[in-house]
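Shown here is one chain on its own, the form predicted alone, set out as structure tokens.
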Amino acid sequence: MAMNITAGTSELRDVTKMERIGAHSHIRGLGLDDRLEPRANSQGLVGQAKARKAAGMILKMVQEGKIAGRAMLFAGPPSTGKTAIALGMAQSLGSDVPFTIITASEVFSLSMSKTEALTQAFRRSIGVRIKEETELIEGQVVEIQIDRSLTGATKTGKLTIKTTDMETVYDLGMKMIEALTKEKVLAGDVIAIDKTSGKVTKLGRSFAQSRDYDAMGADTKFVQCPEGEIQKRKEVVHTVSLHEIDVINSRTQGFLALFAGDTGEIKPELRNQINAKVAEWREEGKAEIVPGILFIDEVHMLDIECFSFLNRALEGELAPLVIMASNRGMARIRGTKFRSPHGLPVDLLDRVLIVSTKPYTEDEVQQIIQIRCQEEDTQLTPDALTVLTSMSMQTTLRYALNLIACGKVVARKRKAEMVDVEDLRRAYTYFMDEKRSVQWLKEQQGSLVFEEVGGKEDELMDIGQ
């Protein structure tokens, strides 16, 4: 039985995001020039020149559609910018190329099988760019005439639209009158009406009507009166992910399931039908595949079954570029008793391009602290910047960055605009770093309740390494 595959529009992506200062909110891109050479400090990224250049080369291939079904691994100590580089890649790609970020441990906490969770992540990372031809009515409104019936139940009307070359009168039904009223369309506005959906878009106000009012809002936009024919055919392009098409076709409520979060497990038969339909669209020139990026953070948390699935999934026809990050050295592969580099099986490592990240130098740490101060709208005195940099070298970069906001609160308490050395020292005494915490635990031996000592402890130690 033939099946009609439906695809949602790009409007699904227009969800308002709540802006906040996060750990990586200062990242704007990879900080590379036109020749893919890394700048020392650009777009929120500092140092890690080799890793950024490698990411830029991969990014270039993704943008040209020349790479998919490959895998990369960012390997390096904690706080060396692995996630930051991945987010920089996401910013550089733009909204049209899908970029999905998951943490490996998420796979185990979802109400579906591990392989289904990974499959959905894969299909979220593959976009389908669908081209459609639509008829538009575009012009300047000359007059809107609405007639109500005696009872007021029905409305009819006429809309007069003109371009620089012609003028036409259209009869209006109830729905079109409601759409025009909702958009607050008046005579003198330049509008576009999609004939298939009936959607009315207000493009602006005509320059010819700019002298009609003495006072106007700052957001009033003036545009030229359109030229040529009133009815035009335009090609509209929108990008949706394969996962969105899966959900829309697997649920009775269609694309509302995307907002409800009720995705559930999707049958392989449906996915095969969708793959066949997308292949048909490609042959007809109606659509093209946009391979995106799937970023798996803390990839060593996946188990041997997930790694086996990844091996197979990377060989599939519809596979994105998979980027992984791990901070482990020689570690046990989860689900086995074997140890392997980065906690990944050797056969998967063989498929992976490995990029290493190195600890930051003191100068680079100072630049990172300055960038974070700008992001958090905090001013440090020169002495405080030097002290915080040395604190970072003795403790960790993340601990030092956390002290910026704490120091700001302490400085505000003494009604100072800039954070000084004394504010940082006070915050340093309130909050322990990892080394001081370990030292304190040693001093408290006998006072605290400890884990049971025995065979289990050795196993836990082995997992932690």
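Residues carry their position along the shown sequence, with the first being 1. Nothing here was measured: the structure is a model prediction, and the numbers come from that model.
There is also a form predicted in complex with a small molecule; it is not shown, and the following applies to it.
Undergrad: For the small molecule, considered in the predicted complex: do all three of 381, 408 and 424 come within 4.5 Å of it, counting heavy atoms only?
TA: No, because 381, 408 and 424 lack any heavy atom that approaches the small molecule to within 4.5 Å in the predicted complex.
Undergrad: Quick one: from 119, 392, 163, 79, grab the residue that has a heavy atom within 4.5 Å of the small molecule in the predicted complex.
TA: Looking at the other structure, the residue within range turns out to be 79.
Undergrad: To verify the annotation, which of these, 84, 190, 128, 324, has a non-hydrogen atom within 4.5 Å of the small molecule in the predicted complex?
TA: Among 84, 190, 128, 324, a heavy atom within 4.5 Å of the small molecule in the predicted complex occurs only for 84.
Undergrad: Please identify, from 429-437, 38-46, 409-417, 54-62, the stretch that has a heavy atom within 4.5 Å of the small molecule in the predicted complex.
TA: Only one stretch qualifies here: 38-46.
Undergrad: Just to confirm, residue 298 within 4.5 Å of the small molecule in the predicted complex by heavy atoms?
TA: Residue-level check for residue 298: yes, a contact with the small molecule.
Undergrad: Please determine whether residue 388 contacts the small molecule in the predicted complex, using a 4.5 Å cut-off between heavy atoms.
TA: Judged by the heavy-atom cut-off of 4.5 Å, residue 388 is well away from the small molecule in the predicted complex.
Undergrad: Please run the contact check for residue 441 against the small molecule in the predicted complex: heavy atoms, 4.5 angstroms, yes or no?
TA: No, no contact at 4.5 Å.
Undergrad: Spell out, yes or no, whether the shortest heavy atom distance between residue 401 and the small molecule in the predicted complex is within 4.5 Å.
TA: Residue 401: yes, in contact with the small molecule in the predicted complex.
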